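This document starts with one chain, in the form predicted on its own, laid out as C-alpha cells.
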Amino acid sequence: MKIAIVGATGLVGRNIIKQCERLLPNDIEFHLFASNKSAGKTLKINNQDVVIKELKSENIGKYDMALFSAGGVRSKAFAENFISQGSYVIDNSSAFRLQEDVPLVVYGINQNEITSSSKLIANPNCTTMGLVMALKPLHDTFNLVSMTPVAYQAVSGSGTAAVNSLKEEESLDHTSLADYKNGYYPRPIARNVIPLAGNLLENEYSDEEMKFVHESRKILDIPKLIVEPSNARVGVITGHGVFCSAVFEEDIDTERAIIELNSFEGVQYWAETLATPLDAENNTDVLVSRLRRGLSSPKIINFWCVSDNLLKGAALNAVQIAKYLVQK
C-alpha cells in the first residue's frame, strides 16, 4: 500500500507522520510532499529517511490514499490529481467540508458515511472536532436542539508562524509587549486574549465561528441545529477549549450524562480535576469537565471540553480515517 502525505513539513503534517507510525501497518510505502523550499530534504518515518518531493502535477503518482494538510488553495489545486489516479484524499482544509457529496468525518461519530465512491473525505475544523466528540454521546441520549459554544483557540491553530510569534512575545516585558506591533496577530497574544479567532465575515461573525454552525450540523446530522457561537484566540500554544451551553429535548440526568461521556471512545470526563490545554496536549482523547445542569431549565447542560487541536483536531482524526480505510 502507498500513502502520500501532502504538507508533510508543517505542524499538522509532522503529527500525521507520528500518527501513521503509531496506527498504520509499518509495511506501508510513504511518499512525502511539501513546497519547493523543502524538496530534496528528508523526514524519517518508521526509521526510514523519505525524500520530500515538491507538490506539483508531474511528481504525483498512483497512491492508495493521500493525507492533505497543506491549506485550502493547494487542496483545491491538487486533490483531483490524486483522485484521478485512484487515490482516496483525506483533506484537512476547509475547501470541501460543506460540499454535499463530500463526507465530513469525525472518526468515532460518522465514519460509516464513507462509501466506496467517497474518494474525497473532509476533516472538520479542529475546534468543531473536539466539541462534537463531547456532544455526540449527549445527543444520542438527550437529543440536542441548540447550543452556545464559546471557544478559546490556541495559536498553533494558525500555524508555525503564530507559535513563533507567541514565543517571541513571551520574552518581552509588560511595556514592550503592550506596544508590540510585529506579532502574527493584530494585537499581542502573549499573556493576552484576543476576542476574535479567524476572519470577520459580512454577518459580523468570524469564519471560525461559522464553522461551528455549519460543520456541527453536518457531522451530527441535525440540519436545524441552532448554534450561537463565539471564538477567541488565547496565548496558549496547543489545546483548543470550549465552554458550551447545550439545550436538549429531554430533561438532563447529569450522572447518566457523565456515564455516557466516559463510555464513548475518545472522550474522558474528569470529575476531580479541571481539564486544561496542558492536560490535552499530546492526549488523543477529548477531555470534558465542569458538567452541570442548567440554572434556567432541566434541559440544559453546561460543560467545558478541551482537546489537542493538532491531534484529534487534525492529524489523529485524519489517520484514524486512513486506518478505517486500510481495514475496510
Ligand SMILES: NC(=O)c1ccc[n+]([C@@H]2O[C@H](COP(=O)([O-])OP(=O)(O)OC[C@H]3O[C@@H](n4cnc5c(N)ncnc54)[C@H](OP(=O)(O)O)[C@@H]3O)[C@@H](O)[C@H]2O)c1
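Since we're looking at a predicted model, the values are computed, not measured. Quick note: we count residues from 1 along the sequence shown, nothing fancier.
This protein has a second form, the form predicted together with this ligand, left out of what is shown; the following refers to that one.
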Is this ligand in the predicted bound form close enough to A34, C126 and N309 that every residue in that trio has a heavy atom within 4.5 angstroms of it? yes
With this ligand left out here, work out from 257-265, 286-294, 64-72, 299-307 which stretch has heavy atoms within 4.5 Å of it in the predicted bound form. 64-72
Heavy atom within 4.5 Å of this ligand in the predicted bound form: which of S176, S118, Q99, T160? T160
Decide whether S216 counts as a contact residue for this ligand in the predicted bound form under a heavy atom distance cut-off of 4.5 Å. no
N231, heavy atom within 4.5 angstroms of this ligand in the predicted bound form: no
In the predicted bound form, is there a heavy atom of this ligand that lies within 4.5 Å of any heavy atom of Q320, even though the partner is absent here? no
Tell me, yes or no, whether L24 is in contact with this ligand in the predicted bound form, where a contact means a heavy atom of each within 4.5 Å. no
Does any residue in 310-325 get within 4.5 Å of this ligand in the predicted bound form, counting heavy atoms only, and if so which ones? L310, G313, A314
